[in-house]
Every structure is written in C-alpha cells, then in structure tokens.
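Only one chain comes next, encoded as structure tokens, the form predicted on its own.
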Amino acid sequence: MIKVQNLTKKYGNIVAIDNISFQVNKGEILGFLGPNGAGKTTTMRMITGYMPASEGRVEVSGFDIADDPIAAKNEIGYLPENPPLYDDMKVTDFLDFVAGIKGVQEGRAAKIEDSMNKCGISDVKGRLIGNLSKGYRQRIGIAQAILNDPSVLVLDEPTIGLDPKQIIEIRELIKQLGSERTIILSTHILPEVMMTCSKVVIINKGRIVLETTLGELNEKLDGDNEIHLKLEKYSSDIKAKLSALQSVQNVNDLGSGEFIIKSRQRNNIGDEIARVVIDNNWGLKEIRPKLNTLEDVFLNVISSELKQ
C-alpha cells in the first residue's frame, strides 16, 4: 500500500508539488496522469525516496520513506522514465548486478530467472543490452524492478517510445504484475489509463485536480446528458425552437444542421428531440448520445483548473 500525505516539493520560491494526498491499496493500479511538466516525475521520485520532500510524508507498506528509508525501499520496485541500463552488459549479467545491489542473496539465480520469465526476456538473456530494441529494454527495466519481489511498483512512463505492439505487450505485463502488488503508473498517454488502471489521479501544476475510480470515470465518459443531432435541413430558427423545450438546458449549433443538445436533468431526451424534428419536418439524419472521450474529461479538468 502507498499513502501520500500533504506532499510538497519546493525549489526556492517555486512550488513544484503543492500539498498533494492520495492512497493506493494492494491490488490497485493507479494511473497518475498529467500534462508534461505537471509534476508527475517529481512525485514519483519523492515516493521512491530518490528525492526528499520539502513537506509531507510517504508511507510504503507501513514504512515511512524518510524515517525508515531502507525498509521502505525494500518494498519498492522502480522503473524511471529512462531505465538505468548498461548497454555493454548481457541481460543476465545486468540483472545479477542489480540483484546484488538490492541485497538479493538467497535464491538469486532463481529470482533472476523468474523475473526474466515474467517479463518475457528469457529469449534474449545472453545478448548485450545495447543491441536490443526499445521494447526489450523496457522489459529489462521492469525485470530489474521486480527482482526483490517488491510489494509496490512505481512505473514512470513505461510505454513511452514503444510501437503499438510493444505497448500492448507492456500493458498486459503491467496488468499481470498488478494482480500481486500495488502499482503507480505515471503517464500522459490517456488510453493507457482505461486499458490498465483501476484508479485515476490527475495532476496539473503540482496539484491534484481529479481523483476517481475507473468506474466513476466511466460515468463521466458516458456523456453529460447530451444528444448529437444531425438534420437534413438547416435554418437559423432551429436552435431557438430546440432551446425553447423545457427539458433542454443548452443547444450548441455546430453549423450545417448539426447540434449538440444538453438536457437539464439526467434523463434521455432523445425521444422528445426526435418528435420535434419530425413534427417540424427538418429531416432526421442522425440522433445519438454524445459520448465523451478520456481526452474530453482530461481537458475539461485541466481547463477548469486553469480558470481558478
């Protein structure tokens, strides 16, 4: 489990991370989202003890990262945005080297073999790291992170720079690893959240602007009671007639006979809109719920934050 309480990072008068708090339980995969420069990597570095916090505390599996750093770090597997690999070493030699640094002694060879099997790199274990693809290098980075069988994994942009096939493979690997441990997945790639995570935290300018479960997020993606309407005919008075309906809160005229219609309450106004269109002989081409995308939710949250 990871518990972050009132975490703050300051550089002189600049506040990079501003009093953030959240919790991730065992078996959860948290998607830590934000635009570039939002403070994701800084937060990951403080959680893993790579960088000290100015204020606040981080607890990993019951250990405080500042008060008991060795015990806390023994519970953490960390994949930085740029995996710290040695290109002139073979895969097995590198993993053996990392295992030694992490203090893995008993059953070291078996643990190295197990990490390679889990990460799908056994077929390249005798090759030089520098000769391997980006996808394999990311897998090696994850393999070194799980060598000591940590209860917590912190992955910073694990799919950046990968091709679509590699992204799918790494995504599946993360889900498999998440069944056994707690994972924080830092990313700015929005589809990764829907495909991988059970919980979402969105950060912007060092502050949390949204914390929600995937279920609650899916409700947001279902649309905010909006109808997308396409008509064969178009005239300037159509918007006014639609807006006059008691159940309609707002009508956005997109031009050329297309409208986005928002209802006043959480109910389906599609039937009512269809009847009005038919009664007025406007020619109904299409009527459907307007579905938000994760990008819509992300941008709305960020935009709301910028207006404050």
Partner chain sequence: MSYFVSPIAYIVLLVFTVLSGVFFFIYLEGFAQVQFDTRAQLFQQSFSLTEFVLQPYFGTISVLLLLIIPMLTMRLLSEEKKQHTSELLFTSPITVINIVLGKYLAALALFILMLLFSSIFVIVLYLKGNPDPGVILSGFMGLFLIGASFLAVGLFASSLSQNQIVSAVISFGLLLLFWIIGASSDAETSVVGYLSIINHLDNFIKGVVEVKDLVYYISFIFIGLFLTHIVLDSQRWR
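Positions refer to the first chain, counted from 1. Keep in mind that what you see is a predicted model, and the values were worked out from it rather than measured.
The discussion below concerns the form predicted together with the partner chain, not included here.
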Task: Partner contact for Leu132 in the predicted complex: the partner chain, 4.5 angstroms, heavy atom - done: no
Open item on the list: Residue-level question: is Lys40 within 4.5 Å of the partner chain in the predicted complex, judged on heavy atoms?
Closed with: no
Task: Non-hydrogen atom contact Tyr136 with the partner chain in the predicted complex at 4.5 angstroms - done: no
Open item on the list: Does any part of Asp237 reach within 4.5 Å of the partner chain in the predicted complex? Heavy atoms only, please.
Closed with: no
Task: Among the candidates Lys102, Arg171, Arg181, Lys199, the residue which, in the predicted complex, approaches the partner chain to within 4.5 Å (heavy atoms) - done: Lys102
Task: Listed residue (Asn82, Gln166, Thr212, Ser151) with a non-hydrogen atom within 4.5 angstroms of the partner chain in the predicted complex - done: Asn82
- [ ] Would you mind picking out the stretch of 243-251, 29-37, 48-56, 278-286 that comes within 4.5 angstroms of the partner chain in the predicted complex, counting non-hydrogen atoms?
- [x] 48-56
Task: Residues within 4.5 Å of the partner chain in the predicted complex, restricted to 68-89 and counted by heavy atom - done: Ile70, Lys73, Asn74, Tyr78, Pro80, Asn82, Pro83, Pro84, Leu85, Tyr86, Asp87, Asp88, Met89
